[in-house]
Ligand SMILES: Cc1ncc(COP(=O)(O)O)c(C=O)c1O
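For reference, the chain that follows is the form predicted on its own, supplied as C-alpha cells.
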Amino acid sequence: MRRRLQALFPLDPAMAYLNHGTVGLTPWPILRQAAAWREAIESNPARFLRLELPDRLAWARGEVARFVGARPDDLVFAVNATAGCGAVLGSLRLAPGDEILLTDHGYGAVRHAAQHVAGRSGARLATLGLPFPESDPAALPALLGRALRPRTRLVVLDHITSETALPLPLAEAVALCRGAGVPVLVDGAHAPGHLTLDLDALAADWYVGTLHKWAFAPRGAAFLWARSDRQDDLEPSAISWGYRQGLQASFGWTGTSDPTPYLAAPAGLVFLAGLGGPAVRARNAALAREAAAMLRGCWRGPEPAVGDNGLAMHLVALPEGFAANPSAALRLRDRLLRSHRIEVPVIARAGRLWLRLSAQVYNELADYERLVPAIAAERG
C-alpha cells in the first residue's frame, strides 16, 4: 500500500521527507493536470487569458469555496498565504497610536508585513505571549480578552501555528473579538486539507488559507476569504484593471501571471477525497502521534502540554547538547538534509531545539526512526 502511495509523488525515494507542512508535495496527477492547463493556455494565450480565464477561475473558486464552507463570491485566489495576509494588512487604515495584536507563535513573514504597515502610519505592534512548552490553546480567549486595548485595530491569529503546531480555538477567539468590536485576520495556512472548515460559520473578518500544503494543489495556490461587510476597502498588493470594482474584479486580474495552480486546485481536492478525506487525515495524525511518542521515548525531552494535538504535525524536543538559537537550528537542519537525507524543520524556542514533524501518506514510522542515529551523530 505504501509503495503504491509513494508512486503517486515525485519524491526522491532516498529521502526521509518529514516536512510536508512547509511547502507541500504535489502528486503526479496534479502536476499533470497543471501541465494540461498550461498547454491549453499556450495554445492561444491571449484568447485564454482574456476570454476563458474568468469563467475557469469562477469554476475553480466555486470548488474551493465549497471545500472550505464559503460563498464563492467571498473568496479570491492568492499566490500564497503571505500575499493574502499582506493584502489585508496593506488595506488597513491606521493612525498613530493604533495597535495590531499578534501572538508570539505567529508566522514571521506575516509579522514583518504587520510591522511594515504599522511603521508607515505610526501604529505599533503588540504581542500576546502564549506559554510554551506548557501551551494550552484553550487558554487563548482569556489571554486575548486581557490583551485587547481601546486602540487595538486588528488581531492576527493562526488557525494552526506554523512553528509549534498548535490548533488555536478560533471560534471562541473570533466571537470574543467581535464582541469587542475588533476585526480578526486568520492565517490559516496549515488548515485546508488538515481540518474541516466552515468559514461562513466561523465569521472571522478575513481568512487566508493555503491549498498547496495539505490540499495537494500545485505550489502557488492559496485563497483569501473576506466577510461580505469587509470587502469594500480590500485591495490586492498589485492594483490593476479591477480597481474599486469590487472584490472579484480587484483580485481577478492583477496582471499577467500563471493561473495554472488555481485551475488545478480542484484536482487536488479530488485527489484528497480519493485518498479517503477524513480517513487519511486521521491516518496521518495517528502516524505523527506515534512518531512523536517514539522520539520522545528515545530522547526523554519535554513536550508541549497540549500533548496529542489531533494534527499531522507534532513538535518534539531534541536532547540537550545542542546550542539553542536560530543559527544553530538552521545549521542542524542543513546537516540533516545534506548528510543524512532527512528533511525536517528545526526550531529554536524556550531554550532548546525542537523538530516539527509532519506526516503524509508517503511516510511510515521508519522514516522518523532515521532521526535517532542522525541526531546522535550530529550531537556527538
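Everything numeric in this text was worked out from a predicted model, so none of it was measured. A residue's number is simply how far along the shown sequence it sits, counting from 1.
Separately, the form predicted together with the ligand exists; it is not shown, and the next lines address it.
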Inset, instruction - Consider residue 162 of the chain shown here, and say whether it contacts the ligand in the predicted complex, taking contact as heavy atoms within 4.5 Å. - result: yes
Legend entry - Any non-hydrogen atom of residue 213 within 4.5 angstroms of the ligand in the predicted complex: yes
Inset, instruction - Determine whether any heavy atom of residue 82 comes within 4.5 Å of a heavy atom of the ligand in the predicted complex, and answer yes or no. - result: yes
Legend entry - is_contact(residue 288, the ligand) in the predicted complex, heavy atom dist at most 4.5 Å: no
Legend entry - Every residue of 99, 114 and 155 near the ligand in the predicted complex, heavy atom within 4.5 Å: no
Legend entry - Stretch from 104-112, 88-96, 131-139, 196-204 whose residues place a heavy atom within 4.5 Å of the ligand in the predicted complex: 104-112
Legend entry - Partner contacts in the predicted complex for 188-210 (non-hydrogen atom within 4.5 angstroms of the ligand): 189, 190, 210
